[in-house]
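Here's a solo chain for you in structure tokens, the form predicted on its own.
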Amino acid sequence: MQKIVKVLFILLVAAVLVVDVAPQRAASSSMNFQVPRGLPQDLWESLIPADNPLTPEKIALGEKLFFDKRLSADRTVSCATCHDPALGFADSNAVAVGVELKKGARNSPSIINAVFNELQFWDGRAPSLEEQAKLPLINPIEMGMKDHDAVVERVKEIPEYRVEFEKVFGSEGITIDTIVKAIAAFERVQLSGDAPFDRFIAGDASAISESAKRGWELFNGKARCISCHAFNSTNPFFSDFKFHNIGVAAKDRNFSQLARKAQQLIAANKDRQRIQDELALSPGFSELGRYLVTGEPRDIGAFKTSMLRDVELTAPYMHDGSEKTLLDVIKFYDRGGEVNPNLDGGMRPLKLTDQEMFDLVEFLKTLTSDASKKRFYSLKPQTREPAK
């Protein structure tokens, strides 16, 4: 078996090497943007919507909105509060903390490489970055604005935005759609690549340690990580972008009862998307995961497979922030997760040794880009001081 794994590993490296030397072209007719080594330029280009082309001015506007606390009800929370560039574009809390210090029920995922997600949020309830950006603004636990009209009015009150939106969007002006288009444009260029692993896979054998190399082999073999955290030259993000119940926070949960109550609440509410969003951050209901979106029993307790780039910087882990370190995560998988009726069939005890678990952690650290690590150690985290 080990020989087979090694052969597959060699073939994988060879395939990536062929792709890595191919020339990469400019992002679009509106601007030149080069994605980092290891990420597919053509895929990134294809994910820029025709109705929201990138321009430097739009990205700059989106960045300003992303960091603006005035978009929240009490002016203490911005997008960057929970997606902090000083913390890997995530945060250090187990679950997100919004206006009035209200706690949600899910960990804040990093927005790094989020452009490559097939669906947004842990449960995939938003089909695009634009649609994702709309929901935290009006979620009562997150940014707490009454509705999107209130968001638009708040932005219109700020003279600098009136000028900038006219420059970027012309006659469209300030609407909820132009607001989220700008934010999404900024998010689309928050990328992480050119990590030590990328240099290793491109042929530099000295780019990662011997321990990390053993971890990479375990990742593809005994540890079975590759089963869900998929990697290849066209999908170098370490995710299959699917939804799995791996037993996180499944203990003592009556999923059947929660599922019935959730469906009753969703059916009784005219704004299906808004009630799904609120249930996603409500204790108990949150653990239903993808089921809140699809209503399919097979999706009970299922959450999206996280991408792993920069994972070293985004502790704590899992959708509920229940695992504090990467070693804790590996120990969770080693014991086969938490048994429950909906547990994914791929979950089983791995019987890893202490050294093997250490090697896996060392491998995961090689997925952190130099740029991300520099930002992590040089920037100060966001504060809760209200904006004026």
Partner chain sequence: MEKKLKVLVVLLLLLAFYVVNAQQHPSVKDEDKVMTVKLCDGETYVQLEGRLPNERLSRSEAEAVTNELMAKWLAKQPPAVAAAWTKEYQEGKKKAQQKAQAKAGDESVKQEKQTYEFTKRDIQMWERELKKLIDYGDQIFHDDQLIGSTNGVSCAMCHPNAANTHPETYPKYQIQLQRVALLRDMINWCIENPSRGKKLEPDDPKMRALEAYIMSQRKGVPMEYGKH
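Just so we're clear, the structure is a prediction, and the values are computed from it rather than from any experiment. Numbering follows the first chain given and starts at 1.
Here the subject shifts to the form predicted in complex with its partner chain, a form of this protein not shown in this document.
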Among 100-108, 260-268, 197-205, 290-298, the region lying within 4.5 Å of its partner chain in the predicted complex by heavy atom distance:
290-298
Can you work out which of Glu57, Glu338, Asp42, Asp328 has a heavy atom no more than 4.5 Å from its partner chain in the predicted complex?
Asp42
Contact residue in the predicted complex, from Ser282, Asn93, Ser233, Ser211 (heavy atom within 4.5 Å of its partner chain):
Ser233
Asp334, heavy atom within 4.5 angstroms of its partner chain in the predicted complex
no
Contact of Asn139 with its partner chain in the predicted complex (heavy atom, 4.5 Å):
no
Is there any non-hydrogen atom of Phe116 lying within 4.5 Å of its partner chain in the predicted complex?
yes
In the predicted complex, is there a heavy atom of its partner chain that lies within 4.5 Å of any heavy atom of Phe243, even though the partner is absent here?
yes
When its partner chain is considered in the predicted complex, the residues of 343-359 having a heavy atom within 4.5 Å of it are Asp344
